[in-house]
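Just the one chain here, laid out as structure tokens, in the form predicted alone.
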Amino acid sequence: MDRWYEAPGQPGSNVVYSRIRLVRNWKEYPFPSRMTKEQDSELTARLCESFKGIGPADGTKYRFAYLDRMTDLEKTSLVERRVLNRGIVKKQGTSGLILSEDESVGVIINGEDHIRIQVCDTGLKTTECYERAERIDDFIDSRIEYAFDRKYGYLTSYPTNVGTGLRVSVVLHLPLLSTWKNFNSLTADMGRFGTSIRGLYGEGGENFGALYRISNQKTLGQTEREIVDLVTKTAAELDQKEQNLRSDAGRRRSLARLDEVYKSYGVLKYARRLTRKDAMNLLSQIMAGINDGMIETKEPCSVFGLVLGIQPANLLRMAKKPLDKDELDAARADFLRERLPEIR
């Protein structure tokens, strides 16, 4: 089965994907950081039992795995594919993962909280993702009693999640807007209205590939629907601003932009060695070129799927052996040459 991130993006939209995350805790047990080893094992086993029947209820096939039995490379690869958060990789004790075949739905059992439900999908589909996460949440809630306070809402390991326990995220591709002179003031304004924006990849002040994640800052004091609507509206506004800038750039320097896109395609298609930073920035040009109709591939192409594929742990997992830096850069170039479709 194809994974959710392998689906081509929506033409004319700079929204890459939407994600809904819900965190919950079981009233019978202390938070994971305070549990004994015996409680770790017991909670994980009991929650797994509670999840039996989730597949037919959700209309999806799921598989289960114990995270503590996975290698660090396997877990890091799942982090790169947006299934796990980085905090779970180094967690000690028993924990589990229930994952749909297409990896669009994942439930972490006994991570930073007892239950972490995540639903992802391509495009601006925050409402659809939330409704699916809510159905899974209701399924679990009918089997166990959540830790809930009438005043504060759902109780969580981190105060920043107390209330709804809901984090709504939308990832956008913003190659021009992110270089706009007023971008910093725009992001500051977003903070005042309750959303935050940060680069998805990079080190320090850099952001490889111009991918940005917009999410809600607060989980307390708003309803779930209000949070979903807030992030959705903000993402739609940023998408429109990026479209306007790209349209204007196309009119003013269409030949220069076309040249950049084709040069990027040529390097990706024929290079024998690529650093992660260079590959990400070149793929950013291809993503914009396809979205703006400047190039057309002979076969449907998920550029974001390629972005996930060139991350280090995924390449190491495919190689099935250790790779030094030069070998990793060569494996990245091989991966892209093999998977980047021909253009018409």
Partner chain sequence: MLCENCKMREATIKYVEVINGVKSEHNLCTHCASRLDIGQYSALFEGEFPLAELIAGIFGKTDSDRSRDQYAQVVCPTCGTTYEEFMKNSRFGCADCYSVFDPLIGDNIRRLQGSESHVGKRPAGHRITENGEGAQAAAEKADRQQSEKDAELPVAERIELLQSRIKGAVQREEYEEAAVLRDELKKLKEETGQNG
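Positions refer to the first chain, counted from 1. Note that the structure is a prediction, hence the values are computed from the model and not measured.
What follows is about the form predicted together with the partner chain, which we do not show.
Task: 4.5 angstroms heavy atom contact with the partner chain in the model of the complex for P300 - done: It does not: once the partner chain is placed as it appears in the model of the complex, P300 has no heavy atom within 4.5 Å of it.
Task: Any non-hydrogen atom of P175 within 4.5 angstroms of the partner chain in the model of the complex - done: Outside the cut-off, so no.
TODO: Indicate whether K218 is a 4.5 Å heavy atom neighbour of the partner chain in the model of the complex.
DONE: Yes, K218 is a contact residue.
- [ ] Classify P30 as contacting or not contacting the partner chain in the model of the complex by the rule of any non-hydrogen atom within 4.5 angstroms, answering yes or no.
- [x] P30: contacts the partner chain in the model of the complex.
Open item on the list: Whether W4, D72 and N110 jointly form a contact site for the partner chain in the model of the complex is the question; each needs a heavy atom within 4.5 Å.
Closed with: No, the whole trio is out of contact, none within 4.5 Å by any heavy atom.
Task: One stretch from 93 to 101, 238 to 246, 255 to 263, 191 to 199 that, in the model of the complex, holds residues within 4.5 Å of the partner chain by heavy atom - done: After filtering at 4.5 Å, what remains is 191 to 199.
Open item on the list: With the partner chain taken in the model of the complex, which residues across 14 to 35 come within 4.5 angstroms through any non-hydrogen atom?
Closed with: Heavy-atom contacts within 4.5 Å come from R19, R21, R24, P30, F31, S33, R34.
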